[in-house]
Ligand code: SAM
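Here's a solo chain for you in structure tokens, the form predicted on its own.
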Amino acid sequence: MKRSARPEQSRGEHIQARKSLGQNFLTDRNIARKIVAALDLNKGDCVLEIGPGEGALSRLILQQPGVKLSAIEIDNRAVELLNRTIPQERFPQFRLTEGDALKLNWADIPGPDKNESQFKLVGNIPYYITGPLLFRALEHAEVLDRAVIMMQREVAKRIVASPRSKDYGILTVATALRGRAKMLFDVAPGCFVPRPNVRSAVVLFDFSQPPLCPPQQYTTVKQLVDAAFNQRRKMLSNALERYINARCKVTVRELTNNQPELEAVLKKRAEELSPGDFIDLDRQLSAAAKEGRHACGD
């Protein structure tokens, strides 16, 4: 009976981690298995992996029957290593793209057949690009089913933080607008080569349910959230003064005239508002902006 092709270990082939790329290669096989298990892979699934490096996760994913894997890798040395150890002629379900995940259009990447409407995302993300990459993932929420991401534990705490806590901020609200997040487990520095100076954590993002915020509204709500937390120690009436003036063509006082509930909201600080509160505030500002345009005769 012919055995299906299985990706080989790199047989001692390794690349030297580059500090400029924030590389810390995962070497703990048990952690790798737990990450892949969290993807909940089924036959027909398509996975997009960001930064496969030496392929610790890639090899395990490709062992799952009927699963396709596409990967984006910026390091040409890692690309060469993966092309040798996981050659496409033996693994047609594997596609490797050399490039920057922050610049490529992910919607064009998933699946060798380019027919998949959704995919699952996985990655051991370099710490210095964690924020930008997570926001990039949130922008692509419509084509994501779930994501399992390893990151610095301090960032993970911000993602799952509660309102009125010091960790609650832009990343918390943005994540809640697009899906649900759960911290799965911590990862010790000794699980990597080289050892990072901080602890890591793996976070599960679930995008399978309808988002709290409609896709067409996410951009404006995210801009509002950015402006609010940019001066998080101030009341929103002060932190959003310029933002409201630019968006609605009115002052905060004019906006809240005869609107006591809105005035009460703007007396709070950003960290006191839930994600739903930001959605409601955005709707009120959109209505005020329309009224302002009508008043100006636009």
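Please read all numbers here as calculations on a predicted model, not as lab measurements. In case it trips you up, residue 1 is the first one in the sequence shown, and so on.
Omitted here: the form predicted together with this ligand. The next part is about that form.
message = By the heavy atom within 4.5 Å rule, which residue out of V250, L26, A38, V265 makes contact with this ligand in the predicted complex?
response = For this set of options, the contacting one is L26.
ask   = From the list V160, L204, I129, V143, which entry has a heavy atom within 4.5 Å of this ligand in the predicted complex?
value = Residue within 4.5 Å of the partner: I129.
query = Does this ligand come within 4.5 Å of any heavy atom of P275 in the predicted complex?
reply = P275: no contact with this ligand in the predicted complex.
ask   = Can G99 be called a contact residue for this ligand in the predicted complex at 4.5 Å between heavy atoms?
value = The answer is yes: G99 has a heavy atom within 4.5 Å of this ligand.
ask   = Taking the shortest heavy atom distance, is A56 within 4.5 Å of this ligand in the predicted complex?
value = Flag for A56 set to yes.
ask   = Quick one: does D75 come within 4.5 Å of this ligand in the predicted complex, counting heavy atoms only?
value = Yes, D75 lies within 4.5 Å of this ligand in the predicted complex.
query = If you check in the predicted complex, do Q118, G179 and P210 all have a non-hydrogen atom within 4.5 Å of this ligand?
reply = Checking in the predicted complex: none of Q118, G179 and P210 is within 4.5 Å of this ligand.
request  = Specify the contacting stretch among 181 to 189, 121 to 129, 85 to 93, 214 to 222, defined as having any heavy atom within 4.5 Å of this ligand in the predicted complex.
outcome  = That would be 121 to 129.
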